[in-house]
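Just one chain is shown here, as structure tokens, and it is the form predicted alone.
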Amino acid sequence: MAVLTEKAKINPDLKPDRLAVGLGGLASILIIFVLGFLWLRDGQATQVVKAFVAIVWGVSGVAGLYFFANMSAESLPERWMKRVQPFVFVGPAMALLGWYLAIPTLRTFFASLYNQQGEFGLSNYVAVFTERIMVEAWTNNILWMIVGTTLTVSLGLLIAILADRSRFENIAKSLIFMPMAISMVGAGVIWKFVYDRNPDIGLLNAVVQSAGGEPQAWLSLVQPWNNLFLIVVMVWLQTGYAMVLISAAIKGVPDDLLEAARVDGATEVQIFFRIIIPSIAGTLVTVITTVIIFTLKIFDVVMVMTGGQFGTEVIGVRFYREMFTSRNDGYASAIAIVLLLAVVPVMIYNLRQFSKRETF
């Protein structure tokens, strides 16, 4: 009887009246969207009124689109409804990704095939890997990736382990995580003062001078030392991020497993390397790959502190210079595409690792 009732609820036929209402509602909402946009762009109302209308218009309009789109999907025969309905909810996100990500990427790729003289070919890509300044940028980015990632993850792991056993865990973690609230530009400005050659301004030179040393222009030293001083800024910012994720993973290691290892005579060092590290390996991979992506895209710190001078050029700064200073759009587009191709494999690996776990 229950089966018959359930079957009776399923209508395999098209519902034209409901479909007409749904499509009409969609058309009406779209017209309202266009009219609202024109009014917000050209209207003479005050900014407060426009802001209020934009909130009401935007939220209610999106809700109306989903409502009438879902109504239209449910009015279709069951076989088609099951095919169409998922796209009602996923479709807008896919459309936005296509419009703001896929299409600009394709346009950037086509632009990268034309050099500054308008000639079509792969000369921009050859220059990306052969020009001296780009070789320097790639070398520095690799340095950022290796040293920056190693220091960030190592310090995050160490602090997570030590703070987990401290009575002041919350205070310690809050202090370490606090730099994450500072923007990259703000951090660059702060550390530029720290490295200032004048010991009355630069904290580092004040310490060196008090110890009997001579003040140094730390950011204009010979490579790679000045790059290492820049990497310190990123480590200062990102260690808190690594610590939080790793600490959450460590707390997920079963206490019974740790106690059993101690009962069996395992030392804390053995527990760390043979139990804790394997248990949080997935989180470590996620943190490492995320920081690698961050180092490949580094821009703000270098731009604020050195502008890429003194041998500190990185790919992000080189792209900015070519695009907005030299106005070499094709070459800048080629740099962007190569950087995208360098980041995508790491990102895909990161997402696959994340999908294998329910939590960090």
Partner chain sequence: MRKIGLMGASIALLVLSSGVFAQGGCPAEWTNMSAELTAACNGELRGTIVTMSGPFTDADEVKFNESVAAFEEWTGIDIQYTGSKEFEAAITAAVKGGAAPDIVDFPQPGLLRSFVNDGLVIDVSTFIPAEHLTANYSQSWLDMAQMGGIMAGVWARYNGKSLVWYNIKAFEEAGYEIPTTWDELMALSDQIVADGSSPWCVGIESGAATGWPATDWMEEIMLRTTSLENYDRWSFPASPEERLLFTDPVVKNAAEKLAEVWFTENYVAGGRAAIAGTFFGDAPAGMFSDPPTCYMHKQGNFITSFFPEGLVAGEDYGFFYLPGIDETYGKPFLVAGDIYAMFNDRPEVRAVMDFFSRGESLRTWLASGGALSPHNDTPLEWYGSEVERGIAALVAESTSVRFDGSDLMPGAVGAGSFWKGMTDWVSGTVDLDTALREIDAAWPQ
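What we label the rigid core is the largest C-alpha set whose atoms superpose within 1.5 Å from one form to the other. What you are looking at is a predicted structure, and each value in this text was computed from that prediction instead of being measured. Residue numbers count along the first chain shown, from 1.
Not on display, but discussed next: the form predicted together with its partner chain.
Among heavy atoms of M303, some come within 4.5 Å of its partner chain in the predicted bound form. At the 4.5 Å threshold, heavy atoms of V208 stay clear of its partner chain in the predicted bound form, well away from it. At the 4.5 Å threshold, heavy atoms of V126 stay clear of its partner chain in the predicted bound form, well away from it.
Interface membership of I277, defined by any non-hydrogen atom within 4.5 Å of its partner chain in the predicted bound form, is ruled out. None of Q270, T139, T150, S220 but one reaches within 4.5 angstroms of its partner chain in the predicted bound form through a heavy atom, and that residue is S220. Of the residues in 102 to 134, those that come within 4.5 Å of its partner chain in the predicted bound form through at least one heavy atom are, in sequence order, Q116, Q117, R132, I133. Remark: with the core as the superposition reference, the CA shift of M184 between the shown form and the other one reaches 2 Å or more. Core-superposed comparison between the shown form and the other one: the Cα of R197 travels less than 2 Å. Once you line up the core between the shown form and the other one, the Cα of T295 stays within less than 2 Å of where it was. Whereas the displayed form keeps them at a certain spacing, the CA atoms of Y195 and V222 lie at least 3 angstroms closer in the predicted bound form. Distance between the C-alpha atoms of V222 and N198: shorter in the predicted bound form than here (change of 3 Å or more).
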